[in-house]
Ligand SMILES: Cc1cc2nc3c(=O)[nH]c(=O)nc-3n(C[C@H](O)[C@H](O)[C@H](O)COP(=O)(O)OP(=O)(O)OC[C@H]3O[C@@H](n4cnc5c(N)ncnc54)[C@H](O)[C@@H]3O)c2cc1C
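Only one chain is given next, in structure tokens, and it is the form predicted alone.
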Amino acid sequence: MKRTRVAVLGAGIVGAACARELVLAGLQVTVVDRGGAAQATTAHGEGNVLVSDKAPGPELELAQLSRRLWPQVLADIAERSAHAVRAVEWEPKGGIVVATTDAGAVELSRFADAQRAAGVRAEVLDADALAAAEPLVTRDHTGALHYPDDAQVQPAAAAAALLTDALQGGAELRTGCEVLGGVMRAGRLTGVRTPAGLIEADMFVNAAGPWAGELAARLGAPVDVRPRRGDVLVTTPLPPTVFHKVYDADYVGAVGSSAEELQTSAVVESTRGGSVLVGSSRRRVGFDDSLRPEVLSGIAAKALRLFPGLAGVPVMRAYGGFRPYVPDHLPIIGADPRLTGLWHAGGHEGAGIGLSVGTARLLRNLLLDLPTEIDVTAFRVDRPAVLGATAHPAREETA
């Protein structure tokens, strides 16, 4: 019996998660990437698996689904490759959000009340409880909340574990294979052209992250996915310094903003190796990959308000990456109504690591015409924020 062939276009963590789900569902999967697996956006993330930064609504529901799935997925992979799962560095260490102004404390409390109504655990920390949880955090604060369900992974290792599991299940990986355009037959996308030749399949999943808009345009069905840059500082290894993911209350506003100008907020956390990751910034600069001193200094200044003791700690390196931004701040998951055979899984901006496994589960069920665990209406492709103004038809070829 011939199996349905699916080409997943993009080998970052979302593409890897989709490939794994589709292989487990019995489909014949080829993963295609113009570079290497997990070498672009995924490798430049912090590994966030968060519910704390999402207001009630569709994205929070997707985050809650993903948070439930992550331990299950890792346990399943561990049965076949315990080493791969250890490298993921899954840490359900929880998050702490700190307000440093009276207005920030009021807004943080209001935000948490709405989240609790949606099933999120958000616990108020008084000054003593905050000091016990984070001994080095500023004492100059006006409020703090603990989110016990926030977690962290090592992003490249997490993507590798998902992709390796897919490959062990029979998927094929083609790297260094850029998609140049699409081939249609009888109004359906049946192939993609690459420098290595034509790749044919029954369905194609656009999981190209920040490049999803460009890829979709090449296939004849543009979507409004743009790059939004973020930067992170990495300190030299330190003794135990930060014990949760700690961020200031401004972070939620930066996540939900559509502004093009630079926005910074403090996000501070330790890695297992002892380095402290210090973020974050958001700016729309196209694919300009230059590090800018004013951005890095803005990040550092915000972080020192939360952890004054980091002053003087050497910064070992800085890195930045592009996140797939959609104007309405919601992912794109599902079939493209303009081009049969094309599906989308992307647009998560800085939340793709955490949302990857939930996105993959939704995509699998949609592709197989099965019920989904949450309502996916808000993620549909044919919504005003997503569809491009013009579409250039893919090249029609006959068999």
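Small disclaimer: the values here were computed from a predicted structure and weren't measured. The first residue of the shown sequence is 1; numbering continues from there.
One more form of this protein should be noted, the form predicted together with the ligand, which is absent from this view; the next part is about it.
For a residue to qualify, one of its non-hydrogen atoms must sit within 4.5 Å of the ligand in the predicted bound form; none of R68, G95 and P148 qualifies. In the predicted bound form, no heavy atom of G358 sits within 4.5 Å of the ligand. Taking the partner from elsewhere, E61 is found to have every heavy atom lying beyond 4.5 Å of the ligand in the predicted bound form. Among residues of the shown chain, V29 is not one whose heavy atoms approach the ligand to within 4.5 Å in the predicted bound form. Taking the partner from elsewhere, D288 is found to have every heavy atom lying beyond 4.5 Å of the ligand in the predicted bound form.
Stretch-level contact analysis of 225-233, 288-296, 97-105, 164-172 against the ligand in the predicted bound form, using heavy atoms and a 4.5 Å limit, identifies 225-233. R323 is the sole member of H141, R323, R283, H329 with a non-hydrogen atom lying within 4.5 angstroms of the ligand in the predicted bound form. Residues G45, E46, G47, N48 are the ones in 45-67 with at least one heavy atom within 4.5 Å of the ligand in the predicted bound form, listed in sequence order.
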